[in-house]
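Taking the form predicted alone, here's one chain by itself in structure tokens.
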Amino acid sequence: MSSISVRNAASIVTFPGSGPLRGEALETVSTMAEACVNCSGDRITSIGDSADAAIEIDASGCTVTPGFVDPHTHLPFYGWRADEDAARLSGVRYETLHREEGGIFRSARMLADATDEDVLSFCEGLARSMLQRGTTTFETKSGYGLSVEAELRQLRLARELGRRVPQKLVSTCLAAHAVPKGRSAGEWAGQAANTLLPVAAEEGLASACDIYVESIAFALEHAARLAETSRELGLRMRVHADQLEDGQSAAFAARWGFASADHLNHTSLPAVGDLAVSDTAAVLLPGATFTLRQNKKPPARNLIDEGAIVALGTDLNPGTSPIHSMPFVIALACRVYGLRPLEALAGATVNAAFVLGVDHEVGRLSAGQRADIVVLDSPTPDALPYRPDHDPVLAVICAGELAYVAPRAEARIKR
């Protein structure tokens, strides 16, 4: 059984209690100085005094945090859409590209045309790069299938990707992402509820269901239909909410007890109150706001001040957020949305783990948790948003294995 000790850190970020952090609890995030994190096998065994270990990491002058948890990606997918980004930069609206066979429909065609091995190789490369930027747990989604069999294929590819990469993967069935050609939204939502979700649940391909509620996609009545089925199947429910317009999706999610409402660019202040008194997490995705150049931003400060559970994700996808770095997302959240560094760090770790239903295992540095640890090259976490284009990650431990060491940090490792 392997053992690792991360020693002499300038600060080790610890989160109090259990479960997500909200409101005043975010102010109680604490750091320990000159302490050690000790691991054996795939678990953290202690924090404090050093212990004998096969591998020692000198973290002098560094911050040690939990591994980053990305609760919203659209992996697995295949290929990029840079020409669409160029079109948007020239003034073409996202909705126009979507209606003209671009966007989701184009990614669905690209996925369909690629072999399984092509898709897996492409996504393994992305997962490897995510790991080097500290992401040790991330979500995968379907949604680029647009038929029952193609959606199931994408979920099965996600399961195989999980076997090939060291990170922990949590899969979501994005059962209603775009309305397939020749179908109505109601017809597809019904087929997703009656056929797709039962198979996904029976095969253990997903732990949650998701839906995109916008005027170009699906409506709240379809979210209600999928939510009822998900509850019967034991799947958690999520929603892409209020990204392009205020569709009341966030308030609906809070009142129906969804696991999360994601995006929230147009979410109203009354809906903030609904989220604040619920256990529905507000997943903010500043990479999409940045890529789409949206002037309308989520009411992030209100969400935190009123006590909502706030998490951060990359929204990694080939169209509206081709971003895979959680440190960059943390920087964007602080610069664009007004989060403070420790709030953003909690959103990228413990609160993100809560969104995925795995906060009992990842997202904190404490004995018994999975040994997912990141060593950053600054003495405090305040430096994370300070230099947005700087890669701060020196070393990553994933499930108790030393998974990545930056070349400039090799001298810190004693084996």
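The first residue of the sequence shown is number 1, and the count goes up from there. Not measured: the values here are computed from a predicted model.
There is another form of this protein, the form predicted in complex with a small molecule, and it is not shown here; the text below is about that form.
- In the model of the complex, the small molecule sits within 4.5 Å of a heavy atom of Asp315.
- At a distance threshold of 4.5 angstroms between non-hydrogen atoms, Tyr212 is in contact with the small molecule in the model of the complex.
- Using a 4.5 angstroms limit between non-hydrogen atoms, His263 touches the small molecule in the model of the complex.
- Within this chain, His240 lines the site of the small molecule in the model of the complex, having a heavy atom no more than 4.5 Å away.
- Of the candidate stretches 240 to 248, 328 to 336, 300 to 308, 128 to 136, only 240 to 248 has residues whose heavy atoms lie within 4.5 Å of the small molecule in the model of the complex.
- The contact with the small molecule in the model of the complex, taken as any heavy atom within 4.5 Å, belongs to Tyr94 out of Tyr94, Phe122, Phe290, Trp256.
- Put simply, of Ile104, Leu75, Ala200, Leu157 only one has a heavy atom within 4.5 Å of the small molecule in the model of the complex, and it is Ile104.
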